[in-house]
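The chain below stands alone and is given as structure tokens, in the form predicted on its own.
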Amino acid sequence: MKALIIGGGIAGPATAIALRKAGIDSVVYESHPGGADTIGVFLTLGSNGIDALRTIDADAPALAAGFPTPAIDMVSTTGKSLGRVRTSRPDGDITSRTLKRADLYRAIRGEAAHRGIRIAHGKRLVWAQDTADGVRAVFADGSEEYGDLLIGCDGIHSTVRGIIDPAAPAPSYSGLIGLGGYTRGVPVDAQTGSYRMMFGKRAFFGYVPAPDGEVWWFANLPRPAEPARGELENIGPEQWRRELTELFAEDTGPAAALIRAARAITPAGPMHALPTLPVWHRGRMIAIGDAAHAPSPTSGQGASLSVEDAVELAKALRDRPTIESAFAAYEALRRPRVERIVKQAARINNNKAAGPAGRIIRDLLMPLVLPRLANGEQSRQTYAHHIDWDTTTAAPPRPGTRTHL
């Protein structure tokens, strides 16, 4: 069996590694001519994502590239504590880690290359179709490739998703834009690896001290109307520095100081999510990761869910008798989990953009509600999730059976 994997970011190479463990060959096709080393800022790889990488013996490089971040302290604009969110397995066996997206990409891509998996660059998919005995992929450079199945790992603005279902919904704009930066020399009231996130008066801010003393930070700015194409790209870092400093000037804490002293401010971008996708697969083609169920970056679960997808899909293809039945079994297993996490992140986003009255209600209720939601069963289901490679993927439910929330 040969799989054509579209997208060479994080999900693509992870899927190729998992397929190799399941005895399935693959080739990864990446649209960028030189890889995706410079795309993105930093992210959290949850303990569940690390556990999934460990299942396919690919966790060591990712662990080496990041630093432990076991929890998040939430505060209000005045510095009032709103609660602590645990972001790792309750048993402490695996701790979530923060790392630059480019470092995670290089770690997983390096593992794929070490295992002899081919990654073809400069291959932008424009069309794909089922043939009598496989799938045909057509690329912008005029080349074609053939395989037994095609897996879309091409992100939130997926081409594969639209090929599978031309009526597929587009990603929804969250009402927020995001950007970040890196600062040295500004003291902060947080220990190394401990996140502090603030619901500011006019925007949301988060930061975490890295082991080398640098502070990594991000900001989410409410923008009701989605920015036009090219609008944010035309705003330079110094203009952002001035705007962000003003936005956080009235908030308690180091946000304004971190922004003023930042050695680098990353490009801004609108934050999108894909709350639900009715059709994940058709015939021999399937979309996984952000191409099928992109949570807002607020979830801290985008990369982790993509790695989980890779492992569960490889297991299903290993265990089920046909590609179609493997896809159906995979969807029945994954859809309830990912849609629950996407919904959780959407609720948090609404709090980030709260108005004056909403801020008062949020700050009163969050200390009461957050500990129960963030550190109880909901947290355990997210961060303690484990995939047992040695168990067999169950057969898909019969047609008409309810398979998702």
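Since this is a predicted model, take the numbers as computed values, not measurements. So that there is no doubt, residue numbering starts at 1 and follows the sequence shown.
Another form exists, predicted together with a small molecule; not displayed. Remarks below refer to it.
K.L.:
Does any part of residue 88 reach within 4.5 Å of the small molecule in the model of the complex? Heavy atoms only, please.
P.N.:
Residue 88: no contact with the small molecule in the model of the complex.
K.L.:
Is there a heavy atom of residue 105 lying 4.5 Å or less from a heavy atom of the small molecule in the model of the complex?
P.N.:
Because a heavy atom of residue 105 falls inside 4.5 Å of the small molecule in the model of the complex, the answer is yes.
K.L.:
Can you check whether residue 96 is within 4.5 Å of the small molecule in the model of the complex, heavy atom basis?
P.N.:
No, residue 96 stays farther than 4.5 Å from the small molecule in the model of the complex.
K.L.:
With the partner left out here, check for me: in the model of the complex, does some heavy atom of residue 379 sit within 4.5 Å of the small molecule?
P.N.:
No, residue 379 is distant from the partner.
K.L.:
Heavy atoms within 4.5 Å of the small molecule in the model of the complex: which stretch among 77-85, 313-321, 246-254, 282-290?
P.N.:
Selected range: 282-290.
K.L.:
Scan 335, 260, 124, 223 and let me know which has any heavy atom within 4.5 Å of the small molecule in the model of the complex.
P.N.:
Spelling it out, the residue with a heavy atom inside the cut-off is 124.
K.L.:
Please identify the residue among 342, 62, 56, 41 with any heavy atom within 4.5 Å of the small molecule in the model of the complex.
P.N.:
None of the others qualify; the residue that does is 41.
K.L.:
Mind checking whether each of 31, 101 and 155 has a heavy atom within 4.5 Å of the small molecule in the model of the complex?
P.N.:
Judged in the model of the complex, 31, 101 and 155 all sit within 4.5 Å of the small molecule.
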